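Next up is one chain by itself, shown in structure tokens, the form predicted on its own.
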């Protein structure tokens, strides 16, 4: 069994994943981040989280992924009883209103357009951390 990450991130761009990982480390060094590059691999790994007491606290999904799209993964997560209450944020470069609408229709808890530049990313992630980890009252 793999160790439970605080954040499960599905991102096919290894450079962006590295930058996000670096920024997360600046915000909260103890946060465990798991990064998966492919949609099908993400579903396979999420299925391994069978103990409801050891689930990721937050799932970040890129929209355009190999294997399955972020929307496909979102739909699958929301259909899985042990995962459906984990907050899922679509984190994409797209700001297309149709992508945003579809994300919410499939059960996204938020849709965030990836910010430009490291400092803007850091600010965005600090805000996410503050809300989802410190202020929000989640089930797990």
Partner chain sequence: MHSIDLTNCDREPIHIPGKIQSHGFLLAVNSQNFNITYASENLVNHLGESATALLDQPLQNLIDLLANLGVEIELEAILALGKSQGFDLINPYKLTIKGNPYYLILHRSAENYILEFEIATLQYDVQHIIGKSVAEILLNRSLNGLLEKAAAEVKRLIEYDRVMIYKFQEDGHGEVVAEEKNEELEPFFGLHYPASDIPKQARELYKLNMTRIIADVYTESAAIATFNNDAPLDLTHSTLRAVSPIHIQYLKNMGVASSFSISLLLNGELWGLIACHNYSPKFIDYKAREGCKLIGNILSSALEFREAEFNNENDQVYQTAVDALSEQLESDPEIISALTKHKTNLLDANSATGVAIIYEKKIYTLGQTPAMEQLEPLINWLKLTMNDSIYYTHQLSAHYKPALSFAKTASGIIACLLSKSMGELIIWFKQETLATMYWAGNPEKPVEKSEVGMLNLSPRNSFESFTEIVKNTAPKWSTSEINGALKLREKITNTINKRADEIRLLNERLKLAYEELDTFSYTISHDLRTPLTAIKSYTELFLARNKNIEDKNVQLLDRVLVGADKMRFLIDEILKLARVGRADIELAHINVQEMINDICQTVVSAYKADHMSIEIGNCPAIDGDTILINQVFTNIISNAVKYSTKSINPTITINGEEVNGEIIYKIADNGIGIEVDNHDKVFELFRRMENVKDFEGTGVGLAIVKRIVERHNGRIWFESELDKGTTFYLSFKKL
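Note that the structure is a prediction, hence the values are computed from the model and not measured. Numbering follows the first chain given and starts at 1.
What comes next is about the form predicted in complex with the partner chain, which does not appear here.
Asker: Does residue 115 reach the partner chain in the predicted complex, with heavy atoms at most 4.5 Å apart?
Answerer: Close contact exists here: in the predicted complex, residue 115 approaches the partner chain to within 4.5 Å, heavy atoms only.
Asker: Tell me, yes or no, whether residue 130 is in contact with the partner chain in the predicted complex, where a contact means a heavy atom of each within 4.5 Å.
Answerer: The answer is no: residue 130 has no heavy atom within 4.5 Å of the partner chain.
Asker: I'd like to check something about residue 81: if you look in the predicted complex, is any of its heavy atoms closer than or equal to 4.5 Å to a heavy atom of the partner chain?
Answerer: Flag for residue 81 set to no.
Asker: Using heavy atoms and a 4.5 Å limit, would one call residue 34 a contact residue for the partner chain in the predicted complex?
Answerer: Judged by the heavy-atom cut-off of 4.5 Å, residue 34 is well away from the partner chain in the predicted complex.
Asker: Within 4.5 angstroms, counting heavy atoms, which one of the listed stretches 90 to 98, 66 to 74, 53 to 61, 37 to 45 is next to the partner chain in the predicted complex?
Answerer: After filtering at 4.5 Å, what remains is 90 to 98.
Asker: Which residues within 9 to 46 place at least one heavy atom within 4.5 Å of the partner chain in the predicted complex?
Answerer: 13, 15, 16, 18, 19, 22 sit within 4.5 Å of the partner.
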